[in-house]
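In the block that follows, a single chain appears as structure tokens, in the form predicted on its own.
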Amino acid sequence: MPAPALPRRVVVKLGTGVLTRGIGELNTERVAALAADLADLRAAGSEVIVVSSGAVGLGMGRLGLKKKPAEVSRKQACAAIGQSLLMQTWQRAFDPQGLAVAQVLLTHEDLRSRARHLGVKACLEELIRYGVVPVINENDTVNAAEIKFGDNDTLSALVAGLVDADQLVILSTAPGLIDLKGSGLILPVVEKITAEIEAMAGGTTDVTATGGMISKITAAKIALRSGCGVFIASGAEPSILARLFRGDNPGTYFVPAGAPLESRKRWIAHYQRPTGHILINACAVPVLRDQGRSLLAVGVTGVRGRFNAGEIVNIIGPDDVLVARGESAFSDAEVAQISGLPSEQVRPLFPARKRLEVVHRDNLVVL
């Protein structure tokens, strides 16, 4: 594979297996080596952001636990204890490089809310301008629903889109995407994530690797829509970052294709958890998917869930297929009221509305 250009900005995600030798036992030599590699990237002109797992595992080690607790509160306690240990480790690793690190803990709400989303982006931009290395992790002490391994893969992709990164590097114990149903070898390049590529992620018999690779493919799909290339490789490989960016790729590279989504549409597509659904008929699907037009009431067949005007909803086609996501201009009750009506019949019901689109194309993303 030809070497990708040295990234202007790169997000590097590091899994717990890369940073530790076992539960609670840090691999300080590897962390130091990775910090040196990251410093070399910065010296070459790249801006770097780290997404680091490991807090829960380090907390388990400090408490003498041999397996992950089942109780959410105990997982939260492990995260609270381990997060400080994790940041101490990163700062010690970067000290010889003369670099400071900054802890950034995020919840999904920080990225879902538009105002907070933009605030996080501004903070990260400022840290980069100061020459600081942001070290990001999920705020597991308060984010109970998200305490599970692998979530930082998706978080890293969301961060990459947030900061307009050129490349996302996901380093874990997985050496790349393996073609288990074919050659049995690592796929060096993936031009497009197809159903066959996704099936490879689910084909392994290793329980940990299965979940891990599935979450990595999900992360790659998110990052690619932001115009960000994605590497998946083993963090145990020596000088892995330098090797990736000189074209010596021991893992898998996912190639970005097509125009990236603009910032607000990325926010609609990937940073939301819609609770409401607008159901559409078969005729409306190509109107949205192929023609890039707005969703009108005449194409709507019903609603599910409760939502207000201005909230993000899923748009569901026949056979329960997710077609798009967008900002509804009407509440669920209003959408139900105008469902199936042509625009000339909607206008008398809402005479004060300037626009009658249920979801305008500027606020809609086909998925």
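The structure displayed is predicted, hence computed values, not measured ones. In this text, residue numbers run from 1 along the sequence as written.
Although it is not shown, the form predicted together with a small molecule is what the next lines describe.
Student: For a quick test of understanding: in the model of the complex, does each of 54, 137 and 140 have a heavy atom within 4.5 Å of the small molecule?
Tutor: Spot residues vs the small molecule: full contact, yes.
Student: Which of 125, 179, 151, 248 has a heavy atom within 4.5 Å of the small molecule in the model of the complex?
Tutor: Only one option qualifies, and that one is 151.
Student: If contact means any heavy atom within 4.5 Å, which of 25 to 33, 55 to 63, 315 to 323, 295 to 303 contacts the small molecule in the model of the complex?
Tutor: Residues of 55 to 63 come within 4.5 Å of the partner.
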